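The form predicted on its own is given below as one chain in structure tokens.
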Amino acid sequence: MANKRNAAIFAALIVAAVAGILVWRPTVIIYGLQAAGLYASIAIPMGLILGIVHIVNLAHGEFMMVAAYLTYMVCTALGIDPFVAMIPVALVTALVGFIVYKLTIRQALKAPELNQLILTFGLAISLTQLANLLFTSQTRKMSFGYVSASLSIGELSFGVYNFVFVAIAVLMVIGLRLFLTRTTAGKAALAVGQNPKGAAIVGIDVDKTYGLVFALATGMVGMMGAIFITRSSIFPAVGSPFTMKSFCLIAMAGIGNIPGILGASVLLGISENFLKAFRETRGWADIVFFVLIITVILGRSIKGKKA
């Protein structure tokens, strides 16, 4: 009873704070939600891998970076829009992810967690250095007119393109829910994620399921790499911060809690943009996710001790 009351009080405080910010400086909420959509749509595939395959993929952001460069090459060579190149790029990235799983990840699934982290960290470094060799450290940017679309409401004017990331994040959550609960492959993935030994006993091919999930998640983040290039410059190290933020969001939401990543992303996005609203605190916006993850971990530790 006390927990429900505390949760209700906390929710009321959050709603009141959001309402206050919306009245005082609405762009904090608007741009915070847009940033949340971007963070969530990149973090959700990582959460899928961690929830089913049970491995932290520290090369997650680098797969997005590779897809962004692939999109850049396809678009400049063929003169097409990234939204057109998105599907083939996602398929190629999914194939690369499946090959990476078979050659590396598969071999480390039964290894100690530290070995798994070292492996995926090594993959991240390798992909970054490969991009450096092929494309140098020079930033690349593509310009599209629709990215600058804006909306004016009274005296308030703001960009609207980044709401596409909010839509993608919501569609990812809905799509994954339908996949995991309505399809045979999805139900097998859930069973493997909950109890791989039990799933194997009833005839589910655990290794095949792991490979499918890893390829699916890599394809999803590859799709995000294709869309990411519409709004941002790309360079070999562009993916690393998103790996860290994705891990932060998953830790906040809890392993396996895909919808919770949306809520955690909203908290992160609004927190960052709240700090950016003040000249004195703008420099702290980039490290706010470290503060959030430390707060969550400490809170859970204190709660666990009391229990």
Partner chain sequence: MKLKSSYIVVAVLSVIAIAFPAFLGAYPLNVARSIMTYMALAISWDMLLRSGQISFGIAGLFGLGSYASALAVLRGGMDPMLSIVFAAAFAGVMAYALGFAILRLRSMYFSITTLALMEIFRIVMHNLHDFSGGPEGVVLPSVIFKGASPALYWLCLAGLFLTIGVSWFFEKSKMHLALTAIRNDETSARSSGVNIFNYLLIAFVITSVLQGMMGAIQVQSYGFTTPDTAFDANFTLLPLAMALLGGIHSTIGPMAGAVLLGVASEWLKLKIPYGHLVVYGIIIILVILFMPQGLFGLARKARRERSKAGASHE
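Because the structure is predicted, anything quoted here is derived from the model rather than measured. Positions refer to the first chain, counted from 1.
A second form of this protein, the form predicted in complex with its partner chain, is not displayed here; the remarks below concern that form.
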So, in the predicted bound form, is residue 171 in contact with its partner chain at a 4.5 angstroms heavy atom limit? no
Heavy atoms within 4.5 Å of its partner chain in the predicted bound form: does residue 247 have any? yes
With the partner left out of view, is residue 270 within 4.5 angstroms of its partner chain in the predicted bound form by any non-hydrogen atom? no
Would residue 83 count as a contact of its partner chain in the predicted bound form, using a 4.5 angstroms cut-off between non-hydrogen atoms? no
Where, among 211-219, 86-94, 108-116, 163-171, do residues come within 4.5 Å of its partner chain in the predicted bound form by heavy atom distance? 108-116
Its partner chain: the contacting residue among 70, 266, 58, 53 in the predicted bound form [heavy atom, 4.5 Å]: 58
Between 110-138 and its partner chain in the predicted bound form, list the residues on our side with a heavy atom within 4.5 Å. 111, 113, 114, 115, 117, 118, 119, 121, 122, 123, 125, 126, 129, 130, 133
